[in-house]
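Okay, here we've got a single chain as structure tokens, the form predicted on its own, with questions on binding and movement later.
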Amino acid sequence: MKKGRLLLACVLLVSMLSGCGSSDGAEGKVKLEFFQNKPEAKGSFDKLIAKFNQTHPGIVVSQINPPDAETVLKTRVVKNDIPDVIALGATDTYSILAQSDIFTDLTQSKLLDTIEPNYIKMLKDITGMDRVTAVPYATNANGIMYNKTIFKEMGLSVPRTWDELIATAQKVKDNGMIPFYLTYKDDWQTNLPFNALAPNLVGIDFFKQLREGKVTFKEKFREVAEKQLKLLDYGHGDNFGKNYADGNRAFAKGEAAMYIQGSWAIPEIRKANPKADIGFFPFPTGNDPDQIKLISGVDTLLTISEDTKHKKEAEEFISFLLEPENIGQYIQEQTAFAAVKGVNQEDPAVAGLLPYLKEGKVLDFADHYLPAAMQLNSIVQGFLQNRNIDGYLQTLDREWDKVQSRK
């Protein structure tokens, strides 16, 4: 076992769970195990895998999609039982694994030729490495959905600045409706405004400087914190009593004018109301509309195990997934966006986001740069409940320092 992998085993041992996947197929064929972490994407990948297996008779791909997939994957890494091809989000888990010699170096791979450079750079920024060990596949977006019917009835325009956003929320409130349907019972939902405000107001370079010990949250994040609190004035009175599922149903039924959310929620909203007239705009975090960037990160990336005996076939499978027809099918079913150049999302609900994506006016999610051990979601939720800005910023700095001291 390599030194980096041995170190990773120590780091991940605390989160070990039992269970692993297996591949099966006809005798004499190359068997590839495809491990992916999104339960909502299982059906889409099943269709693509069936198509691949039919058109590539010498290879059999089997999908593994267990509950709590990232924990299962960490367990398997500790056991040196790594799937051939892995799909993950570009999160702290990916960063840890990428730095530990788990994945094949794809820096010079032709698989990256059709990928938007912004998303390749995101992977480098997240890991802090010059090497690229994954292929960005599908991306998502974090912004503000709005009910087009309500906006039309109230004569509202899509806000392009922070001041316009607050003025719009106030008009909705004055008309006796809920401006933002907040779903802060789920701690991860409290982090959605943070993910938009921090990169736009502070800059994504903050996190690189944080790693180098050059900046602190206390120095840079007061405006972020103040704006997080301001949004609470325009919720619905039970902001910490409603969860993600509640919000999707309520927004689908027209109970609020706006919904701070990710593109991943659109299919869930449509399950509750297929006729929901949804619009979507980037979160206007400041007052210069030309400086506002869309928060869009790598929702699914594709990696190849360094230890697989079938790298050629693994590359063939990833190349198949990247073909415009195939990734086009995936993003339409998942209401996602493609990291592949020239493959566009045609859903009218996200039309307002497309110019930002086409022009490369995007920034990554802030929490992709923070270790899971910080428990950011819990910190943010606690802050929004106690409203203590100084305590919040001190806690962020303290928890960051704790995680760094363990390395």
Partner chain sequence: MTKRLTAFYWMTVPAVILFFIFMTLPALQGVYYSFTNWNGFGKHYDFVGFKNYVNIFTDNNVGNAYWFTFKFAIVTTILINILSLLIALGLNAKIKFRNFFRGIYFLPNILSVLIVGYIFNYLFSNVFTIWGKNSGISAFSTNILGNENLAWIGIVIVAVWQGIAFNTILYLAGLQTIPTSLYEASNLDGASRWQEFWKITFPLIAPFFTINMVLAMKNSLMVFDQIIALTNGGPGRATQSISHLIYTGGFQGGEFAYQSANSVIYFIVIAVISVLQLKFLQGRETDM
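Because the structure is predicted, anything quoted here is derived from the model rather than measured. Positions refer to the first chain, counted from 1.
Beyond the structure shown, there is the form predicted together with the partner chain, which is absent from this document and is the topic of what follows.
Heavy atoms within 4.5 Å of the partner chain in the predicted complex belong, among the stretches 65-73, 361-369, 51-59, 347-355, to residues of 65-73. Taking non-hydrogen atoms only, residue 77 approaches the partner chain to within 4.5 angstroms in the predicted complex.
The partner chain is not shown here, and in the predicted complex it never comes within 4.5 Å of any heavy atom of residue 325.
Using a 4.5 angstroms threshold between heavy atoms, residue 30 stays clear of the partner chain in the predicted complex. Although the partner is absent here, residue 378 is a contact residue: one of its heavy atoms lies within 4.5 angstroms of the partner chain in the predicted complex. Not one of 171, 180 and 388 comes within 4.5 Å of the partner chain in the predicted complex, counting any heavy atom.
The single contact residue among 105, 113, 238, 205, judged by any heavy atom lying within 4.5 Å of the partner chain in the predicted complex, is 238. The contact with the partner chain in the predicted complex, taken as any heavy atom within 4.5 Å, belongs to 96 out of 96, 201, 166, 154.
Looking at 138-163, no residue comes within 4.5 Å of the partner chain in the predicted complex, counting any heavy atom.
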